[in-house]
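Just the one chain here, the form predicted alone, laid out as C-alpha cells.
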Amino acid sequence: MKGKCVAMLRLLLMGVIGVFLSAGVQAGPVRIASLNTVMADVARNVGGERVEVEEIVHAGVDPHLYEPAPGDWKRIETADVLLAGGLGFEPYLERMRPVLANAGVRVVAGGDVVTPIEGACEGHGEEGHHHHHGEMDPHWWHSVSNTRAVVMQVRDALMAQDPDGRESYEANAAAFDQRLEALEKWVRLQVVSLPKANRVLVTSHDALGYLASEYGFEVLPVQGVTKSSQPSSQHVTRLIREIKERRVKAIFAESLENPKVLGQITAETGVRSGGVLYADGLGKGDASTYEGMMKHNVGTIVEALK
C-alpha cells in the first residue's frame, strides 16, 4: 500500500511538472548572455533578482575585434536570452541565428527598436578579415532616448520569457526609465552651457554620431568610420587645418582606441587632450553603468570644451 502511494505521488508530481513546462513557466532565474555591455546593464536594471546576466563581451574587450570562441558558443547556446547591440555591430550574429533558433534562445538586438542614423563602423569579420557594419551607425546608446526605447524592448522580452515576473519587470523598467528621463534632462542642461561654436568633437573614431545628432555636436573623427586602418596623410592634414581654423578646444581619445596619429595632431595643433571617452560600450569605475558612462562622457566633453 505504501509503495502504491509513493508511486501515485511520483506520477502526480510528474504531471504537475509537465503542466508547468507545457505552460512555458520559467524554471529558476532567466539566464541571459550578453554581447553588449550596455544591453547587459539594461537587463540587470529591468530583470533585477529574476535574471542572471553573463557578459560574453565585457568592459575592456574591444567589441570590434571580438569573435566568439568555442566556450562562448556553449555559454550562448545554453542561455534563455541573448542580448546584442544589433545594426551589424556584431557581424557574426547573423550566422548564429539558425543555431540559436534551434536551441530555443531568444535573441534581443537593441538596434531593432531605434531609428538608425547613417554612418558605418568597421568591425572584425570572419576568417580574421575586417567586416563593414553597413550603412547604419550601430552605436545607438549615445542617445538616451534610444536607450529608453531599448529598456522597454528588454522588458517585453523578459515578460515573454518569464510571464510570472511581469509585475516585477514592469515596475523595474518604469523606475529605470524615470532615471533615464532625468539623465536626459541633465545631458541637455550640460550641453546648453556650451556655446554652439564650441560643440565640436575631435575623436579617435567616429562612434559618437547619435550623441552629436541628439544633442547638437559636430564630430571630426581622426579615423573616420573605421578603426582598422590609419587615416591618410591628406585626411590628417585637412583635419589639422580645420582644428586650427575653428579653434577647437580639445581632442578626445577613446578608452579602447588611441591611434598614434592622435598624438601627432595634438602636437601639431597645440590643442590639449580633453580626456578619455567610452564610445563602444561601458567602461570600469564611474563608467561601469550606462548612467555612469553617459555622465562621464558628457561631463568630460563639456568640461574640456568650455
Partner chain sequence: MRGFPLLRILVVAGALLMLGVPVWMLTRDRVEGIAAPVVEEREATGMADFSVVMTSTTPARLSVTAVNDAVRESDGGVRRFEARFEMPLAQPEDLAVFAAFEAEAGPQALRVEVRSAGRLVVDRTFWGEGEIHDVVEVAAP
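Please read these numbers as outputs of a predicted model, since none were measured by experiment. Numbering follows the first chain given and starts at 1.
There is another form of the same protein, the form predicted together with the partner chain; it is not shown, and what comes next is about it.
Visitor: Answer with yes or no whether R75 is in contact with the partner chain in the predicted bound form, where contact means some heavy atom within 4.5 Å.
Guide: Contact with the partner chain, no.
Visitor: So, in the predicted bound form, is R106 in contact with the partner chain at a 4.5 angstroms heavy atom limit?
Guide: Answer no; every heavy atom of R106 is more than 4.5 Å from the partner chain in the predicted bound form.
Visitor: Answer yes if any heavy atom of K196 is within 4.5 Å of a heavy atom of the partner chain in the predicted bound form; otherwise answer no.
Guide: Heavy-atom contact with the partner chain at 4.5 Å: present for K196.
Visitor: Would A174 count as a contact of the partner chain in the predicted bound form, using a 4.5 angstroms cut-off between non-hydrogen atoms?
Guide: Judged by the heavy-atom cut-off of 4.5 Å, A174 is well away from the partner chain in the predicted bound form.
Visitor: What stretch, of 110 to 118, 78 to 86, 197 to 205, 149 to 157, brings heavy atoms to within 4.5 Å of the partner chain in the predicted bound form?
Guide: That would be 197 to 205.
Visitor: Looking at R179, K185, R97, R166, which has any heavy atom no more than 4.5 Å from the partner chain in the predicted bound form?
Guide: Contact residue from the list: K185.
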